[in-house]
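In the block that follows, a single chain appears as structure tokens, in the form predicted alone.
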Amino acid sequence: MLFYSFFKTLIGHQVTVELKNDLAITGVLTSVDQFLNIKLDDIRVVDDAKYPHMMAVKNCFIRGSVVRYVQLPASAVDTALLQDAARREAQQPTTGGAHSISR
């Protein structure tokens, strides 16, 4: 949930999403869900010459499982808040789900 919460704070910022097929798309993040599916508006492809068919596309939905990297604006990242949230999540006790081992 940490990444989901973090990406929710970036809605409205311009990000670049690199996909596993090497396509890189820059656009304004408009929504993200718990599966880290991403919706971008006002997109442009980083390498227009390699993907000319994408020039007519103005918005897109990207399935979270095909994302390799998301490049964020440095000014939009609050590292102190992110470190604090990661620390709090690490301190939460496990609820006996698939990750706990009992013998």
Partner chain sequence: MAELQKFVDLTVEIITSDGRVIVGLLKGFDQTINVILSNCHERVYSENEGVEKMSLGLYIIRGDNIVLIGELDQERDASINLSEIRAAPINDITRR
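Quick caveat, the model's predicted, so the values are computed rather than measured. Positions refer to the first chain, counted from 1.
Keep in mind the form predicted in complex with its partner chain is missing from the figure; the text below concerns it.
*Asks:* Of these, M54, V70, V46, V28, which has a heavy atom no more than 4.5 Å from its partner chain in the predicted bound form?
*Replies:* After the contact test, the surviving option is M54.
*Asks:* For the three residues L23, V32 and K39, verify that every one has a non-hydrogen atom within 4.5 Å of its partner chain in the predicted bound form; reply yes or no.
*Replies:* Contact check passed for all of L23, V32 and K39.
*Asks:* How about A76: is it within 4.5 Å of its partner chain in the predicted bound form, going by heavy atoms?
*Replies:* Flag for A76 set to no.
*Asks:* Is A86 a contact residue for its partner chain in the predicted bound form, using a 4.5 Å heavy atom cut-off?
*Replies:* A86: no contact with its partner chain in the predicted bound form.
*Asks:* Taking the shortest heavy atom distance, is L19 within 4.5 Å of its partner chain in the predicted bound form?
*Replies:* Yes, contact at 4.5 Å.
*Asks:* Of 40-66, which residues get within 4.5 Å of its partner chain in the predicted bound form if you count heavy atoms?
*Replies:* K50, Y51, P52, H53, M54, M55, A56, V57, K58, N59, C60, F61, I62, R63, V66, in sequence order.
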